[in-house]
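There is one chain below, alone, in structure tokens, taken in the form predicted on its own.
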């Protein structure tokens, strides 16, 4: 049993007193599982009570090198002596923009933001300006941050007939439902029929190449590229998660499908607040007053856009990722963890499976085939929460969803995690037996 010091108990009380739900809005657990992070190093984090955890949340993905990586720390410390932000073009931002253009197949130009949410929002805005149309198509259950447009049918409260969308959060104007239509992920025939019907009013199609933990079926992304190209509709890849994780050039490099615009964040900022929208020069020109017409010029201003501290952290991270064997290792340890979980569940006859791609995956407690959001509704969320809670008691930390392997996870970390999996799956089996 994890022990909590009086100091951490007091901090937890303050968290629930001063923060809604006691959290930052990202990770919300029960009081019994809540803790306050004190520090992180490599693959580990420690709470205020000095309990150590192998971390698979990894800041929700950006810490692909691990916490406090020496190269990133050194770069940031050197940079901060020269100023933390300037609100004007700076050397590090220019260098990072150049590297993004080299790395990302769809990138001709780059505009920085401070988050993946804003990068997706900006991608939609410039597509609307470029196409001079208002409606966008997204996929049911797809997550593109917390803007009004992204929080449509993510997840839906009701399963309407496609392509009707539904606001998934209070505070989103109902009128947005008229501007966003939704399609089922991985169903290219259905999606094509929707696009054919609405192509004249669509500004863009936005998709996560791997939707949460659902990989694309063969031909799906290729089909999207074909139908959007046919109607000259900008295709946006939300690569906030997959960018620089599946491959150096992201999912578009891995799958060989190039969109028109790409939203990136997380890894490219090295753990600091940074995102970017990258894309075709003609679409990106709507940001340029010297090229855009008055009716399609887009204003985009942000105090910390492209700030030099985040830029140098990103540059240091990307430099490490270009080293030989980086992605082979990331895929290898992810596969080893997935194989372990799948084998344990199969042997225990627990209806569960891993889903996703090896560098980012999750366990889903269902034996049904997973292809789209509605297929995930067959999952037993009670078992998922139990699994996560029990795993944390084994000093292995996973967020509400997804395992994010990192280059800092050692072979010893993987072996310990596999033993923890075995213990927890046995406990889950005992729970299911007791409730039958």
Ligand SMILES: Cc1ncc(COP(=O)(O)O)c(C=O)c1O
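Residue numbers count along the first chain shown, from 1. Worth saying up front: this structure is predicted, and the values here are computed from it rather than measured.
Same protein, other form: the form predicted in complex with this ligand, not shown, and the subject of what follows.
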TL;DR on 227-235, 167-175, 108-116, 125-133: the one with heavy atoms within 4.5 Å of this ligand in the predicted complex is 108-116
Exercise. Quick one: does residue 327 come within 4.5 Å of this ligand in the predicted complex, counting heavy atoms only?
Worked result: no
* Does residue 138 reach this ligand in the predicted complex, with heavy atoms at most 4.5 Å apart? -> no
Partner contact for residue 212 in the predicted complex: this ligand, 4.5 angstroms, heavy atom
yes
TODO: Look up in the predicted complex whether residue 240 has a non-hydrogen atom within 4.5 angstroms of this ligand, and give yes or no.
DONE: yes
Checked 249, 356, 216, 145 for heavy atoms within 4.5 Å of this ligand in the predicted complex; positive is 145
Restricting to 187-208, the residues within 4.5 Å of this ligand in the predicted complex through any heavy atom are 208
